[in-house]
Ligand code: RET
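A single chain comes next, written as structure tokens; it is the form predicted on its own.
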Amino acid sequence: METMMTSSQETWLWIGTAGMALGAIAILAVGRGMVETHHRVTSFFVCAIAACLYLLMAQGQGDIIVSKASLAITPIGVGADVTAKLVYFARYIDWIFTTPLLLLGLLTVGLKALTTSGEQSRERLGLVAGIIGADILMILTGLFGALSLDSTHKYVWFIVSCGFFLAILVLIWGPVRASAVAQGEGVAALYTKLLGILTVLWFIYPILWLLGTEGTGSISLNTEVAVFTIIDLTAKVGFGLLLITGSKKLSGTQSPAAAQ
């Protein structure tokens, strides 16, 4: 049972804190003067929120010990079987705010073509609402699974969470990508690049959840925290910088009318 933060975990959490803070500053610097300021703002807050939550975890305030005790009367007295694990709940608070912002960054690249009429605006709104709703439920059900000690409950929630994840993939690879392709080669190339990176990185999260202490326990909590930190930095800082540089480059190749 791993129920205490180790020095290795603390070190990686401080690395995450510093990396997210520096990433937020870098995004503000790189995004200066860009036409589409909403990319700069959302990408900044993705890193800023993550920095705050990593700081919470690094200071030992973002975790909780989940435990369950079973008592049994035996011929020699009362026996107790205690199951417990350490869960970094702040990780899920981070994701429930930052993953919708990441998706909004992607969606605003791909869905410009759906803003030219009232009907298309409603279609765009419905698509965005469906993706963001599925994302929030994906994170919440993942948290429910992480807090579950019963194996059946844990994997039921894991499957439900993966179902919402697949729904997101269907939408961003289907209608949203079709919208991006309809806008021309430049938008299609940027969207496809961002989509591919996001998809690969996000596939690592459920695999790591399953292998980590919240799932099968095949890897230690030390390893889990280290890998989550690396993937988080890549998915937030790296994705944000690519979004901003790609959008700036795309705006520079478009006419003022096309960029709006």
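From a predicted model like this one, the values you see are computed outputs, not experimental measurements. So that there is no doubt, residue numbering starts at 1 and follows the sequence shown.
FYI, the form predicted in complex with retinal (RET) isn't displayed, but the following is about it.
Proximity to retinal (RET) in the predicted complex, defined as a heavy atom within 4.5 Å, holds among A235, V225, I27, L53 only for A235. Of the candidates S148, Q183, T99, T108, T99 is the one whose heavy atoms come within 4.5 Å of retinal (RET) in the predicted complex; the others do not. Taking the partner from elsewhere, C162 is found to have a heavy atom lying within 4.5 Å of retinal (RET) in the predicted complex. Not displayed here, retinal (RET) is kept clear of G60 by more than 4.5 Å at the level of heavy atoms in the predicted complex.
Taking non-hydrogen atoms only, G217 never approaches retinal (RET) to within 4.5 angstroms in the predicted complex. For the chain shown alone, P206 is a contact residue for retinal (RET) in the predicted complex, at least one non-hydrogen atom being within 4.5 angstroms. Looking at 198-206, 60-68, 29-37, 217-225, the stretch with residues near retinal (RET) in the predicted complex, meaning non-hydrogen atoms within 4.5 angstroms, turns out to be 198-206. Contact check at 4.5 Å (heavy atoms) against retinal (RET) in the predicted complex: all three of I139, G142 and F158 pass.
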